[in-house]
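To begin, one chain is listed below as structure tokens, in the form predicted alone.
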Amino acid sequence: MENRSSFTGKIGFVLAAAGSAVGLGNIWRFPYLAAKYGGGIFLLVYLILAVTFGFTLMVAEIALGRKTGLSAVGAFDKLNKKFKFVGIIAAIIPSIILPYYSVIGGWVTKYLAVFITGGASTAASDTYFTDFIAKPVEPIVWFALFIGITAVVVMLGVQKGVENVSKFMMPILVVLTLVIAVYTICQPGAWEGVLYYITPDFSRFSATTVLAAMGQLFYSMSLAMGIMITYGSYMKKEVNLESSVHQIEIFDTGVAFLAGLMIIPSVFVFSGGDEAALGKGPGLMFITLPKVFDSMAGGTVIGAVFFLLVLFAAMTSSISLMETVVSIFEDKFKLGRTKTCLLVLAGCLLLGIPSSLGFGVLGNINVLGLSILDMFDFVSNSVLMPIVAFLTCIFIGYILKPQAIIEEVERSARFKSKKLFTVIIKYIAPVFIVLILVSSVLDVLGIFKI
């Protein structure tokens, strides 16, 4: 354990963990869900859940990592061999997510190149995106470039690679988000979208609002996929764990909020207030927004800055995903970082290619009506992550006991929220997580639509 890498201190840890949390889920998924579920009321529900439910799960995972000095599989195995399978499931999740996430990262890289070279009008055409992802070779080249850069950063190690890149990218990402958000809300007619986004309309509150916000919390905060356990294992004992989690949440939620200010008002103006124009997932990022940028004064520059921001967000998350997978294999097989990184890179390339081809030559392959990429997303985010989160709550609440986590947190400072932590981890979180799992499965089966 003495030779295990670590972050240099609190700032390095917070920026790296925040970089993991801030990803594509903040930039496109959060604004889409906020628009769909009533703007301000969704925002309010999400904020309440972030400082209670999200806080509790993040503290638990980081503390597990720091307590054991191991990644997910080793951490659960060390604390209770019967629960090693939870760590194994947690390890499978980033292994599934990283390849298809990097395919999308390749799309972002392509769009950044298009906007930098002045192709905004071309990118805004109706069929540009669908024609591009249907190609058999070009999307794979951009995917390979994206995952290759990610591998180089991870190969450099925890301090020289993950921490240094996060220290560079995260402040720039926040500044770029602020710049575009301010520019957007200054556009004529944008204020109507701003008010819709920040003003809670309690008549639009429903159980599905809570479930959607909870689902986004997992997606956004890198919970239940072994990442925070891995990063916790690199955290020094003297670093204040509780305040670090608060700061990660501020980064993550702040970027998501600003992403909403960037996107919702501008799309409202462009579409005349049509919420449907916010289109789910890739439709928003790669079809609607290029049209919005093309219609703006100075849209080519703003579009280039936006896709640079999105690239940074995607890259910080892909780095954390790969670091988690590499850490798990390194702990298990002791191959050394460089060899492990190269093996993980090769595996990601092999697994990512079907996701890329699923929009073209493999487009006829569907599972439950989902493309290959969407199927991987459903299995990892909607099935495995809630299962891991539920089992983690049961493990900490009733097997390990909350006091073990409280003691780990209090190695550096008094745990001010320990009563809240105990109640949520034992009683509230498990119920909500089961509801998320059931509703997600019923949603994809078409029985219950979120």
Ligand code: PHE
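For every residue, the number given is its place in the sequence shown, counted from 1. Keep in mind that what you see is a predicted model, and the values were worked out from it rather than measured.
There is another form of this protein, the form predicted in complex with the named molecule, and it is not shown here; the text below is about that form.
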| property | result |
| --- | --- |
| Option from 349-357, 78-86, 319-327, 258-266 whose residues, in the predicted complex, bring a heavy atom within 4.5 Å of the named molecule | 319-327 |
| Contact residue in the predicted complex, from Tyr234, Phe293, Tyr111, Tyr101 (heavy atom within 4.5 Å of the named molecule) | Tyr101 |
| The named molecule: the contacting residue among Phe376, Tyr196, Tyr219, Trp142 in the predicted complex [heavy atom, 4.5 Å] | Tyr219 |
| Non-hydrogen atom contact Ile227 with the named molecule in the predicted complex at 4.5 angstroms | yes |
| The named molecule contact at Leu24 in the predicted complex, heavy atom, 4.5 Å | yes |
